[in-house]
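First, one chain by itself: the form predicted on its own, in structure tokens.
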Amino acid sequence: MKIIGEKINGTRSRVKKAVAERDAAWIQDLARRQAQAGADWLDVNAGTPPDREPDDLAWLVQTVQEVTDVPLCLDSANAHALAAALPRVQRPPLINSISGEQQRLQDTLPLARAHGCPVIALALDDRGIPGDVAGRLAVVRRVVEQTRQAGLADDQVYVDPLVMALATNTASGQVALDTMRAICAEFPAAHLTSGLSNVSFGLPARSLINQAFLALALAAGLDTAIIDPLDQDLRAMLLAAELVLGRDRHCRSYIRAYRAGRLGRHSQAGQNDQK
């Protein structure tokens, strides 16, 4: 499974402070540690007001790229911010995100096409997030129709079925899993991604819930996820689940991780970054 490192996100108080103060060293340390932990992309989300976001996202892109060549995931619903950041990106990024919302499609798809970027596509539209599998699949069909018209192959689309918090609806995990299976059946070339930690929002011992959901989602077809790559317990569950599902040839990844001591507890540094 491919990992999108989630931690450079301006909705986190410490990241918000670093962006406001242009604390490049702090952002770069966070980027470097996620890259060293094995992230395949680094999510960069300024999380600032629309008028400031273009400058802030462009600064984040430049700051992160000074210390790592891991590809970026540009996380913004603001087309002006994406347009400001894209010329500064050194390697083709993943754009997070488009959806069935017509304005977002009209603003963002041309940018993805012009820069040759894959996109994350959310299973929501102008009416919100459908509550059932059929509704979400209908949104995904409409979005994929438009990505195809824009010249994006299905394997450039990372569909996010939208995992909602179990604390507010205990059925939300099952709906997301069933939606994943339906998407895999209808669009086998497309990828599946998820903001995995959403499932545990508002509950204690969140990493445990995230681990359980990750194992189930992998079996349902998930091949990419926005997660904390510094959460060693979650990474250990990922390795074990892929082993059980027959995706670890000769058990090599699991054994290498064990020998390297990477099947241990969540790092203290990672815990501190949650604040």
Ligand code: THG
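Since the structure is predicted, the reported quantities are computational estimates derived from the model, not experimental observations. Numbers follow the displayed sequence, beginning with 1.
Beyond the structure shown, there is the form predicted together with this ligand, which is absent from this document and is the topic of what follows.
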Original post:
Quick one: does Arg206 come within 4.5 Å of this ligand in the predicted bound form, counting heavy atoms only?
Top reply: yes
Original post:
Any of the heavy atoms of Asn198 lying within 4.5 Å of this ligand in the predicted bound form?
Top reply: yes
Original post:
So, in the predicted bound form, is Lys16 in contact with this ligand at a 4.5 angstroms heavy atom limit?
Top reply: no
**OP:** Decide whether Asp56 counts as a contact residue for this ligand in the predicted bound form under a heavy atom distance cut-off of 4.5 Å.
**Re:** no
Original post:
Only one of 165-173, 149-157, 106-114, 120-128 gets a heavy atom within 4.5 Å of this ligand in the predicted bound form; which is it?
Top reply: 120-128
Original post:
in the predicted bound form, which of the listed residues (Ile27, Leu234, Ile226, Ala217) lies with a heavy atom within 4.5 Å of this ligand?
Top reply: Ile226
Original post:
Taking this ligand in the predicted bound form, which residues along 1-39 bring a heavy atom to within 4.5 Å of it?
Top reply: Glu6, Lys7, Asn9, Arg12
